[in-house]
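One chain is shown next in structure tokens, namely the form predicted on its own.
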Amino acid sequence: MLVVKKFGGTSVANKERIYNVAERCIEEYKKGNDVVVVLSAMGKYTDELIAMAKDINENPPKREMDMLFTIGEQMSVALMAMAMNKLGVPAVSLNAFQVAMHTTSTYSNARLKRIDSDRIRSELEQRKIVIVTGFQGINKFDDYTTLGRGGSDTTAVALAAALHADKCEIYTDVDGVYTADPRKVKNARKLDVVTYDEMLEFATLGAGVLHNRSVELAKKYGVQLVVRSSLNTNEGTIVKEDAKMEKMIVSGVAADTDAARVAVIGLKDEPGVAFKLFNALAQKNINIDMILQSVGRAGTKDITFTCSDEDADEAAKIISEAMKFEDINVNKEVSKVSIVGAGMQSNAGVAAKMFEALYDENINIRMISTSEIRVTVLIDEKNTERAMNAIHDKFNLGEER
């Protein structure tokens, strides 16, 4: 059996935790299984690298940031290989070049194109544990690229797909996928199973347990994921195609405080304006989420959308250069709160129940967006935690099913 195990930064934050992970991987290895391990950078090391870069240049080139970021994962995999060798098990660390992991050319947010598996298979045949850097790849220029924050999850799933692994386990600092962030909602409970679609919504909406592209890949290639804690041996949450056993209309509540609202006021009310605006943003790789267009008045209309905090000012600058309008307003003090559930497709009144929970708390809704299995509202950031708890209680998500 071939098993891919991915461990996040908190799981390898210090010597004690590195040895803890090493022992867990060796336990799997001693069952006679082939083991591939994917690691993130240690603890908050990536944040330290960002701080160092900003101290040198407050607006560093993305290519150079990717070159810098790769240090973190290379440190993790090398130290892990040393720990396993100390424990008497042969292990080898490989970076994106050595594997090789080919990506698109977009620095800081590249997408994996293909993985050369020959080197990994060769090492596995020699009965070594193979430890691979997460989060990074190489582009057609032979430059390092990174896959975006949380990209190590995507590395693990892509490797599992390329190697036809029997299992892909994602280890983190929580026991699995919860009905809400247990640090913010006191009666949040762990889910035994979620569907790929539900998990994709959770990941996209700020749940922070899995990288959204990793879930996309898992669904595409049928990789069954297990999300579990690296700090204990509790059973985790299985992510798979069908999860009817839960029978929940709403599976959970997610919040994303990394959101900004950009309102473009007084655009011409004519065909092609929305295309021109969003095409200009797309050309600069600005990801847009919620969109609201007002009813035209006096030959003008307003378009409001959300994007990440980080992209908001650049988005406003791009629009200012591309369009004519009366005014533009950027508000970074907002957050997105969402409910997710595969059971919502066949149940009327779910959105109304969510809105009632917010009304009861006197929380104003600024924008609304829906899909078949999700309802998202934009609210003032200061109300995020209160909104999550109110919605969680309204749907009784803390109760055992």
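Since this is a predicted model, take the numbers as computed values, not measurements. Numbers for residues come from their place in the sequence shown, where the first is 1.
Quick note: we don't show the form predicted in complex with another copy of the chain, though the next part is all about it.
Contact with another copy of the chain in the predicted bound form, defined as a heavy atom within 4.5 Å, is made by none of F355, A387 and G398. Residue in contact with another copy of the chain in the predicted bound form (any heavy atom within 4.5 Å), chosen from L68, A351, I365, I26: L68.
Listed residues S108, N331, T304, N95 were compared with another copy of the chain in the predicted bound form; N95 is the one with a heavy atom within 4.5 Å. Another copy of the chain is not shown here, but in the predicted bound form it comes within 4.5 Å of a heavy atom of M75. Put simply, K86 is close to another copy of the chain in the predicted bound form: some heavy atom of it is within 4.5 Å. Heavy atoms of A81 reach within 4.5 Å of another copy of the chain in the predicted bound form, making it an interface residue. Of the heavy atoms in P61, some are within 4.5 Å of another copy of the chain in the predicted bound form.
Only one segment in the set 96 to 104, 273 to 281, 213 to 221, 173 to 181 has residues whose heavy atoms sit within 4.5 Å of another copy of the chain in the predicted bound form; it is 96 to 104. Although another copy of the chain is not shown here, in the predicted bound form the stretch 10 to 36 places heavy atoms of K15, I18, Y19 within 4.5 Å of it, in sequence order.
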